[in-house]
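Single chain ahead, written as structure tokens, the form predicted alone.
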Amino acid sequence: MFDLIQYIFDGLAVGSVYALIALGYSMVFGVLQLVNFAHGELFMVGAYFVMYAISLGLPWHLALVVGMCCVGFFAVAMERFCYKPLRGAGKLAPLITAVGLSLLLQNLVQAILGSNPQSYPATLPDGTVFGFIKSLFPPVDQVTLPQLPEGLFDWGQIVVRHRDLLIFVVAIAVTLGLELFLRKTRPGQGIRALALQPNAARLVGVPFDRTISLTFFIGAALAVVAGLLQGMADNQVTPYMGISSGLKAFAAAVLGGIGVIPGALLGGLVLGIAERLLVGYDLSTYKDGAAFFILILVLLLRPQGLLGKARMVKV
């Protein structure tokens, strides 16, 4: 029982990183109906950018802000020069372009910075939350717990690392903040309007190109946050880190209901927990395939995703 709870706690941190990346997939797809497969590489580029900014002496929080702005503007330029000319070319051309951009960024970083993993200059705080809580109370055997069986809950058997808790809290806070931004601000309402009724939104004055650029900027900025957390948690970055995490984040977005912000969070947490359960029960060989198995299963039973709504499609 304690092992199961431990694996769930570990999975929440892994899934939170997937969720932060999946938010970008959901936003872009919601507005343009485009799967930006280069988004995983923005996560990787962001991790490298912040790493070198920290190495130059910037504090990690300032390096994060600079990285979010630079990678965000790069994503805006990528949309303006690579995706915008293909808006009227059907759905296949932008999809192939996204795959090409993903391979280009991956190989470009590998050619410039090398293919070997690089150590991150900063790490997330470690330790145990429950260990701190336990220190505030006397040992369990000195506390009278009437009618409770011995060993019902032992602080020492469940370890919650500070870094895992921090990643989870950041994912929750970012999701809530993004949801409030989309509902309470004028630019956010413009993004929602384009996602729901693009033609009507343009008729009432929503600036189409500016809103698309804002969507790409926000998605890329969130990917940089995920890249920083992943780099600090693993203490390393590689040019290939965007492939696996990006594909799993895409699976998380579809699983939760692509285009639905809370769905991206839910999908990421589900996949993260499933992955850690497989690793914990000595089935780590199958952990990379678990995301796509769950995705296929959900799409067979509920094609719109866990939190998505079914839509009528005109043929």
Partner chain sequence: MTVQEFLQYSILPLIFFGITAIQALGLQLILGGAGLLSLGHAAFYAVGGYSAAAFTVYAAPALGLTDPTLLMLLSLVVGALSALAAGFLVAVPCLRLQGDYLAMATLGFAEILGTALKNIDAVGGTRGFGNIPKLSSLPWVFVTLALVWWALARFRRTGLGMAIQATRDDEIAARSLGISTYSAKLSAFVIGSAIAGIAGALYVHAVQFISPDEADFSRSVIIVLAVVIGGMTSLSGSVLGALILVVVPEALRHNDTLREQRMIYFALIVIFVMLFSPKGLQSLFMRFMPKAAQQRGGTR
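Numbering follows the first chain given and starts at 1. Just so it is clear, the model here is predicted, and its values are computed rather than measured.
Another form, the form predicted together with its partner chain, is not on view; read the next lines as being about it.
Three-residue candidate spot 27, 54 and 261; no residue lies within 4.5 angstroms of its partner chain in the predicted bound form by any non-hydrogen atom.
Checking 118, 189, 107, 197 against its partner chain in the predicted bound form, a heavy atom within 4.5 Å turns up for just one residue: 107. Checking 273, 66, 247, 58 for any heavy atom within 4.5 Å of its partner chain in the predicted bound form turns up a single hit: 247. Only one segment in the set 199-207, 173-181, 93-101, 220-228 has residues whose heavy atoms sit within 4.5 Å of its partner chain in the predicted bound form; it is 93-101. Residue contact with its partner chain in the predicted bound form: residue 82 places a heavy atom within 4.5 Å of it. Its partner chain in the predicted bound form is approached by residue 111, whose closest heavy atom lies within 4.5 angstroms of it. Of the heavy atoms in residue 295, some are within 4.5 Å of its partner chain in the predicted bound form. Its partner chain is not shown here, and in the predicted bound form it never comes within 4.5 Å of any heavy atom of residue 266. Contact residues in stretch 29-48 (any heavy atom within 4.5 Å of its partner chain, taken in the predicted bound form) are 29, 33, 34, 35, 37.
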